[in-house]
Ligand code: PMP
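Okay, so here's just one chain, in structure tokens, the form predicted on its own.
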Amino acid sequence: MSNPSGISLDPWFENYAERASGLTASEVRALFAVANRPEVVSLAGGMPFVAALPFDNVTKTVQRVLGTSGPQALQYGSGQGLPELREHIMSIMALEGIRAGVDDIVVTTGSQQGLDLISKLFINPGDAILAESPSYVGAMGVFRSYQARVEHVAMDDDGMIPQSLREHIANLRALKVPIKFLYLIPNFQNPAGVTLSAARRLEILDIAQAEGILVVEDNPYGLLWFDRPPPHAIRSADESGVIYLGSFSKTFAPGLRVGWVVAPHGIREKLVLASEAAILSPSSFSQMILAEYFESHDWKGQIDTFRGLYRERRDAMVEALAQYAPEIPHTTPTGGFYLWLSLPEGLDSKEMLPRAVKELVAYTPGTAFYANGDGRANLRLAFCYPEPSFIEEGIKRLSRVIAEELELLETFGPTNTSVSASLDAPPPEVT
């Protein structure tokens, strides 16, 4: 590719595989440089509040691992993961109704690697993936990198709508487009914050079984409920047609990069081989730290601490929206990290972002969560990281930006609402 002056921007461009065209910076990643400025209230990134961890206990755990098993912790390990950690994972999943054995579990470098491995095993260019509308930005990046066709299935406050799923399947069958799997985040969904109801879980599973469609259930937030646990995992009702993804990134710390996959036997064996081909083995050190921590400390009590902390921050965001933007509809999550907001008619979350950053508040535009460019009327707000007082200030700034954008809309009309993006500061690096 060349720029207008004829100077090559990348001399190796012509050598890339076709799938490299799907590797583009996500809007969430591009926001981090801006959102990390101390004067900006960031409601953009879904960063766990790891400062709430008992660091004395974590430090002792690391020291114990190095002191008793240092050579093993710093060595290569099994491609499937440490058996001791997989035993603890069994206990964690049992809280959500999942029955699994040690050999059923594959440890991965975060659940993101698990999603990449599944996509690598199943997706050919042009294959269809069914996903919620909207869906996780990281999943959209993975599916795009494997040149999949993402079909977004409508949701409401109870999660994915079964009739919409039936219609999408019928349309794809009529076009003879292969459907490789249905991707779901059933609990406190990212980005919408909604939870798939128990009745719909069974109905959607029935549809998938009848159509011979594999279900990929991504569940990083399931234990982070506020008032009551969500329904049991979809995997608990079907061990042969559901792949389950779990992670310690939200319930412990993302820096350790440890997740896991539970899959039917044949898929599981291929996942191990694919993982070994990609990384040889997941980090022995990280796995041993987690296994030792779960063995020696009150991990359930720590999750309770996180629940209380995130509930307080959710409440702060909902109350601030009621105070400063009472006319703007949004979801009210019962767990997890995120709230989904619908802008007044005529406003565009992507065009509005530069003005918001100029006013020292950041969010993630809804377009990040669609493969087809939709989502301009929405934005995601993350309440997991800022202190409650900062959340209130961030919502106050955001409500001011929305009000000013509405004034511009009334003054200049819908084609000029982005005039605010040219004010003073250049826009942030958002694609």
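Numbers for residues come from their place in the sequence shown, where the first is 1. As the structure is a computational prediction, the values presented were derived from the model and not from experiment.
Missing here is the form predicted in complex with this ligand; even so, the following discussion is about that form.
Asks: Are all three residues 110, 190 and 250 in contact with this ligand in the predicted complex, where contact means a non-hydrogen atom within 4.5 Å?
Replies: Heavy-atom distance to this ligand in the predicted complex: all three under 4.5 Å.
Asks: If you check in the predicted complex, is residue 220 within 4.5 Å of this ligand, heavy atoms only?
Replies: Looking in the predicted complex, residue contacts with this ligand include residue 220, since a heavy atom lies within 4.5 Å.
Asks: At the 4.5 Å heavy atom threshold, is residue 181 in contact with this ligand in the predicted complex?
Replies: So residue 181 does not count as contacting this ligand.
Asks: Consider residue 166 of the chain shown here, and say whether it contacts this ligand in the predicted complex, taking contact as heavy atoms within 4.5 Å.
Replies: No, residue 166 stays farther than 4.5 Å from this ligand in the predicted complex.
Asks: I'd like to know whether residue 136 contacts this ligand in the predicted complex, with contact meaning heavy atoms within 4.5 angstroms.
Replies: Contact with this ligand, yes.
Asks: Mind telling me which stretch in 181 to 189, 357 to 365, 76 to 84, 154 to 162 gets its heavy atoms within 4.5 Å of this ligand in the predicted complex?
Replies: Every other range fails; the passing one is 181 to 189.
Asks: Out of 257, 270, 120, 149, which one falls within 4.5 Å of this ligand in the predicted complex, going by heavy atoms?
Replies: After the contact test, the surviving option is 257.
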